[in-house]
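Form predicted alone, single chain, as C-alpha cells, below.
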C-alpha cells in the first residue's frame, strides 16, 4: 500500500536515527535493561554530551523514553520490535556474505 509523503518522511527520520553505530550499540544495551546516561557513557567510551546527543535523537523519534530517577536520567526502549528489525538486518547481511562467497567459489 502506497503511503503519503509525510509517512515516508517519518520513516526516513527513524531510519536516520538508527543509522549510526553508537546508537545501535545503545539500543542493543537497552534491549537488556534500562540504563542511565552514566552507564551508557562508560559502555560507549564517549563523553556524556556525545552520548546525550545520541539519546536525544533516539528519544525524539519515539524509539526511547526517559524517566527521571533522582538526579539520574534513565532510558528505556519505547518499542519492543527492534529485535525483530535487527534480526532482519542480520539476515540481509548473511545473504550478502553468502552471495559473495558463491561468487568466489565459481
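Treat the numbers as computed from the prediction; the structure is a model and nothing was measured. Numbering follows the first chain given and starts at 1.
The discussion below concerns the form predicted together with the DNA, not included here.
For the marked spot (36, 48 and 71), a heavy atom within 4.5 Å of the DNA in the predicted bound form is present in each of the three residues. Looking at residue 11, you'd find every heavy atom of it more than 4.5 angstroms from the DNA in the predicted bound form. Residue contact check for residue 16: one or more of its heavy atoms lie within 4.5 Å of the DNA in the predicted bound form.
Contact annotation: residue 77 falls outside 4.5 Å of the DNA in the predicted bound form, judged by heavy atom distances. Contact annotation for residue 52: at least one heavy atom lies within 4.5 Å of the DNA in the predicted bound form.
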